[in-house]
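Below you'll find only one chain, the form predicted on its own, shown as structure tokens.
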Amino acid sequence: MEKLKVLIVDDDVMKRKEISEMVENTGMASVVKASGNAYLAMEWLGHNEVQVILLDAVITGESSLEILKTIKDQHNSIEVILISDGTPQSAEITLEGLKNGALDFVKIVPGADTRHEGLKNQLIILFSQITIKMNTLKSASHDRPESGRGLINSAERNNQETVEKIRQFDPLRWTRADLVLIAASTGGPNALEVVCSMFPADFNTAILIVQHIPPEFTGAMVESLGRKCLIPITEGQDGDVISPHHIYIAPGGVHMVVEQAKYQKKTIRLINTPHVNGVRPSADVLFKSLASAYEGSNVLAVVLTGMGNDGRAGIAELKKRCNCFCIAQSEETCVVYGMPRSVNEAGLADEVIDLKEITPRICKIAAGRSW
């Protein structure tokens, strides 16, 4: 397999050296240039071919967001991975970068050991996804799952007998949604902004969200979403009683679950148990807890862009124990069509629709006006 060609842009010479070693150690990519000056790097880029740029989120005296926009305007096929140190300034810029075309980010704290297996594995996953995307674009015979509104097609029902046992959705029982769930990963911050900003001020169903993100970034993401959203949005806190007309986002670094409390109240709990599907928080952990706490209820689950299959097992459990309707984001509008693909190919998605259609569809389904 041909290795990816990588350009590193970071004004810290030691960090450039360490990141270069980390990239080379993945065995999937080769560093063709490492530069401390972003504008010189952009000039060099105009005469050389690379597939990936690792760009420092905070470059002294320069705007990494402007540099990112230049890259995406002039070299749209190049994937950009931001390098963030997790400080408030870096976190804010990183989240803006994700909205402006960056694929994802890696967190590298100054002085930390960049040989850490977690960082290496994260890069391997990202490089694998980039390679798959490149090969998909090159292959004219690639079969793309049908997207757009509608029930999943029969070709995607590989386990039809299992699906029929799991699926119990009954529109006749649906008068309103008791709860809305959203799962997202790579590309999620931007997708969540699109989805959350479109909810009307009178949307009166509780929304619980799992976005795979480190703890240092959750607060900045919630603050950013709060500026665009017409309904209250907060990080879930241990002991929070779930209320309608509110969005709760799982904090990074812990799992968020829901328990049945006294007087039929549902309460958020934060637990520091091991990673599930390689992530924490995990949508599967939240969804499985909700299948118990909301057993028999009408639950609307949405799976947005992201790598892997987090959420699939949880939705299967929701469909066994609740009246669950599942929407998956279409491949054409995903940054990474991993999590939506996993629920779609398992026969768990009731609809596959484009990102900008999701919130209007949620509103109609939640109010029981879509059958």
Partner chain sequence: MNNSLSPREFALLQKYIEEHSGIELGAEKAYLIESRLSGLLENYSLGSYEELFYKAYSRKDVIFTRQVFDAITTNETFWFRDKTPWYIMEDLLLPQYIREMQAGRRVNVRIWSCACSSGQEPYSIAMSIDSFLKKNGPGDIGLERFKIMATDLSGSILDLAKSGRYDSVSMERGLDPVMIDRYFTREGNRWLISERIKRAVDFRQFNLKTEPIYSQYYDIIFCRNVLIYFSELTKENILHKIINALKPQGVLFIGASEIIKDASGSLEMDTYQDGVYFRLKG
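If you're wondering where the values come from, they're calculated on a predicted model, not measured in any experiment. Residue numbers count along the first chain shown, from 1.
Here the subject shifts to the form predicted in complex with its partner chain, a form of this protein not shown in this document.
Chemist: Exactly one residue in Gln89, Asn121, Asn204, Gln237 has a non-hydrogen atom within 4.5 Å of its partner chain in the model of the complex; which is it?
Modeler: After the contact test, the surviving option is Asn204.
Chemist: Sort through Ser197, Ser77, Gln74, Ser128 and report the residue having a heavy atom within 4.5 Å of its partner chain in the model of the complex.
Modeler: By the 4.5 Å criterion, the partner-contacting residue is Ser197.
Chemist: Using a 4.5 Å heavy atom cut-off, which of 281-289, 91-99, 261-269, 77-85 contacts its partner chain in the model of the complex?
Modeler: The contacting stretch is 261-269.
Chemist: Answer yes if any heavy atom of Thr273 is within 4.5 Å of a heavy atom of its partner chain in the model of the complex; otherwise answer no.
Modeler: Thr273: no contact with its partner chain in the model of the complex.
Chemist: Should Val254 be counted as a contact of its partner chain in the model of the complex, where contact means heavy atoms within 4.5 Å?
Modeler: Taking the distances in the model of the complex, the answer for Val254 is no, it never comes within 4.5 Å of its partner chain.
Chemist: Can you check whether Val106 is within 4.5 Å of its partner chain in the model of the complex, heavy atom basis?
Modeler: Contact check for Val106: no, nothing within 4.5 Å of its partner chain in the model of the complex.
Chemist: Decide whether Ala220 counts as a contact residue for its partner chain in the model of the complex under a heavy atom distance cut-off of 4.5 Å.
Modeler: The answer is no: Ala220 has no heavy atom within 4.5 Å of its partner chain.
Chemist: Heavy atoms within 4.5 Å of its partner chain in the model of the complex is the criterion; list the residues of 240-270 that meet it.
Modeler: In sequence order, Val241, Ile242, Ser243, Pro244, His245, Tyr263, Gln264, Lys265 come within 4.5 Å of the partner.
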